[in-house]
Structure formats: C-alpha cells, structure tokens
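Next up: a single chain in structure tokens, the form predicted on its own.
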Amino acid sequence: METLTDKILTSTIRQRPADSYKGTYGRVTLIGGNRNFGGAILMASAAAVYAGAGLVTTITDASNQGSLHARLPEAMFADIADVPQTHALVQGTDVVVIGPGLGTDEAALQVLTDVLRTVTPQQTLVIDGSAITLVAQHQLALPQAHLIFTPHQMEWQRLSGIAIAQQTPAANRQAVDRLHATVVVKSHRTEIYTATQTYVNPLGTPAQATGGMGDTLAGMIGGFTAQFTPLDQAVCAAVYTHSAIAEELAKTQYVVLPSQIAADLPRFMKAHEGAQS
C-alpha cells in the first residue's frame, strides 16, 4: 500500500493553457437530491464547480431549483422527473456523479437503472451514497465505463459483503477486482483501490465528521476526473486535496464544513498547480 504525499497535487493539477475554454475542462453531470436531501446534491455540485469543471449540470428534484440557482448560479438545472432530458444529458457528458441525496425509493432506483443503461465505456461514472446502497440491494448490473465507487465503510460492507471489522486491504482488494472499478473506501484513513495499486491517504481530521463531507468529495472527484489524467491519479489527488484543505481549516476551527472545503478549492489548487503537461 502506497501512502499519498503532496506530490500527487503538482503532478496532477496543471496550469491552464492560455488558449483554453470551458469545454477544455470537461462536462460533469450530477444526479441526486430528492425533496428531503437537496443539500447533498448542492454540495456535490458546488465541489465540481469550484474544482474547475468547465460545465456542470445538476439533475435534481424540481424543489431544489431555486436553491441551486441562488447558491450556485454557475450550475445548470434539469428536472430529475424529465426522463428523456436526463437520458440526453447523460449521453452528452464526460463524467456522471450519481447518488448524493438520491434516496433509495422506487423513483431513485428507476433513475439509477436508466443511468447505468445509458453510460458508455468512454465515460466516467462516480457512484456515491444511496446509489451504492441501491446497487448492492438490487444487485444491479454495472456498465462498461470508468467506474468509481465512493463508499463509507458501511456502504462498502453492503456492496462488498465484507463486514467493517474484516475490511482489510487484502479482503478489499478481492472485492474491488470483482467490481472492475476504482473504489474509495472512506474512513479515518481513506484507502483508494485502483486496478493496479492501493493507496492510503495519511491526512484527515475529526473536524470533518459532519454531514456532507462525502457529497463534497464525490463532486470533487467528478471535477478532477473531468480535467486531469490519468484517471486514478485524478481520484487520488481529489481525495488528498479534500483532506488537506480540511486540515488547514481545522487549525483554527473546531468543525470544518463541507461547503468551506469546496469554497477553498480554487485557492488551494492554484497554490499547488504544476507546470503545463
């Protein structure tokens, strides 16, 4: 298992070329946020925008439209009940993030099933939160795509069948290999399992123990993978950045809010950008 260092930042986050435009930095479509959990998809969307994704679209319950426009005017809105529109938007994006605040009811299951049928091998699909639970509960068939799961340990237990106490690197590796995906197992020391390597994030603080942290990380992973390559390196850089910002804020704060991490992304990424590739 390899321990991540700050070298992952400058080797991943690149200076932007002068002739770039919003299309250079990828399209990210985020799906989630039912009537009760709109905050989750708002936080994930903000993280994708502040991480630098060129175009961000949020597909969510209509009740969240006003909040999205008020808090994040940079993101475009689409109604999750409009199935043809969702299908078209998923087809036209680079990265799909699904799960934050999605819920686990029949409507959520239908949305997830449609997305899993729509994504293509060229796209990246980040499966987070309740979408992980739905995949596990219903044993949904996974598509051919660049799959990234972002479970906390209980969600990983549901998906992998490995009890939290038995979630060793060796056991986790066997489950990851069956999924043919990159898996970010979130914990006190988050572990990232790629197809060929296992990484541990040495950073993190108990000040992060508040709702929305995982939603923010999912959005950051969406934003990073839309812009930076290779994909596994982009995932690792997002995980490391998430905790590094939190540790900086925790020096003077008892609690770090997920929205603060997102808001600090442009400054942090500028301070740790490497040369153009």
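Numbering starts at 1 and follows the sequence shown. Bear in mind that the values here come from a model prediction, so they are computed numbers and not experimental data.
There is also a form predicted in complex with a small molecule; it is not shown, and the following applies to it.
Trainee: The chain here is shown without the small molecule. Which stretch in 154 to 162, 69 to 77, 175 to 183, 86 to 94 comes within 4.5 angstroms of it in the model of the complex, by heavy atom distance?
Mentor: Selected range: 154 to 162.
Trainee: Determine whether any heavy atom of Ser130 comes within 4.5 Å of a heavy atom of the small molecule in the model of the complex, and answer yes or no.
Mentor: Contact with the small molecule, yes.
Trainee: Is there a heavy atom of Leu102 lying 4.5 Å or less from a heavy atom of the small molecule in the model of the complex?
Mentor: It does: once the small molecule is placed as it appears in the model of the complex, Leu102 has a heavy atom within 4.5 Å of it.
Trainee: With the partner left out here, check for me: in the model of the complex, does some heavy atom of Phe37 sit within 4.5 Å of the small molecule?
Mentor: Within the cut-off, so yes.
Trainee: Does the 4.5 Å heavy atom contact test between Pro230 and the small molecule in the model of the complex come out positive?
Mentor: Contact check for Pro230: no, nothing within 4.5 Å of the small molecule in the model of the complex.
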